[in-house]
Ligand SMILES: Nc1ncnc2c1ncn2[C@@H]1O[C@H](COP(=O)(O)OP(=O)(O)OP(=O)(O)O)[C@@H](O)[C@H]1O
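Form predicted alone, single chain, as structure tokens, below.
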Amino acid sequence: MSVIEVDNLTKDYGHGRGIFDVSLQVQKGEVFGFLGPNGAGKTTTIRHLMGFSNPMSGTAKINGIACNKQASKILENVGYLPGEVALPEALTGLEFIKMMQGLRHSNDQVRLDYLLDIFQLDPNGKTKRMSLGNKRKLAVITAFLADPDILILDEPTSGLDPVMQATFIEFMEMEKKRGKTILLSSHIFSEVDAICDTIAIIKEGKIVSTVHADDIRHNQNKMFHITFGNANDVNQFKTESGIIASCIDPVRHIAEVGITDDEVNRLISVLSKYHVESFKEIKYTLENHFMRFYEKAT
């Protein structure tokens, strides 16, 4: 069952800026990673899901409800963490939390204490004096405070230190086990790879790839980095082996070969005819997959 649905969503700001025919679906209980650099269109898409912007064409729905028509109803069941946190400077952190509890009709002190403990935040003191990291932690806590079934998180670990980023990932894994439906936008590979079930890559406002995370983790295509003993062996391997190398560097005596699992034994048999100093597998990662689309422009 699709909880979040974006269908051919377009918002053209001119000069190539905006989003164009963006489509994605997030199933109930799924963590969906929305991966791309700053300016790629992640936040624009999320703003449409939150009902903050009207599309030029296409639709954005949550639980079957059009986001730009019944935003207040949708927000009853959605926790939202914006990419840029703007807090009322006149309030203390605790006053801001109480204000958000009132807006969400939630006053679960046990839940609040649990979140404050996990993210190690003292909410006393004016928000304007808080560090960027503490402001982000406060925003994270208020997004999860009402224990919503659906979460839309825009660059959630931006501003957090590495230790707290790891804490956030562990927390998200726990929320995932509780069956939460989560759309997480990020440009951090480790964050997306650690917790997401499905990953969409967005480039210049268009989704260029949607892939199941397990298909990347258990990819049957292998890449090997081979260092030969001399340039002659490299050149002979290139011309006589019958194996196509994706990269050949005779100066450094290096070749890189991409093959499937079924071809590994053949490659090893061919290499036995040459002087090979090293033979290493290059693990296929989410970053490798991502760069396939972004290197094409360079």
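The numbering used is simple: start at 1 and walk along the sequence shown. All of these numbers come straight from a predicted model, not from anything done at the bench.
Only in words, not in the display: the form predicted in complex with the named molecule, which the text now covers.
- Contact with the named molecule in the model of the complex, judged by any heavy atom within 4.5 Å, is made by just one of 63, 43, 59, 241: 43.
- The partner is absent here; in the model of the complex, the one residue of 176, 111, 98, 187 having a heavy atom within 4.5 Å of the named molecule is 187.
- Contact annotation: residue 155 falls within 4.5 Å of the named molecule in the model of the complex, judged by heavy atom distances.
- Using a 4.5 angstroms threshold between heavy atoms, residue 13 counts as touching the named molecule in the model of the complex.
- In the model of the complex, the named molecule lies farther than 4.5 Å from every heavy atom of residue 229.
- Residue contact with the named molecule in the model of the complex: residue 38 places a heavy atom within 4.5 Å of it.
- Contact with the named molecule, judged by heavy atoms within 4.5 Å in the model of the complex, is confined among 253 to 261, 22 to 30, 63 to 71, 43 to 51 to 43 to 51.
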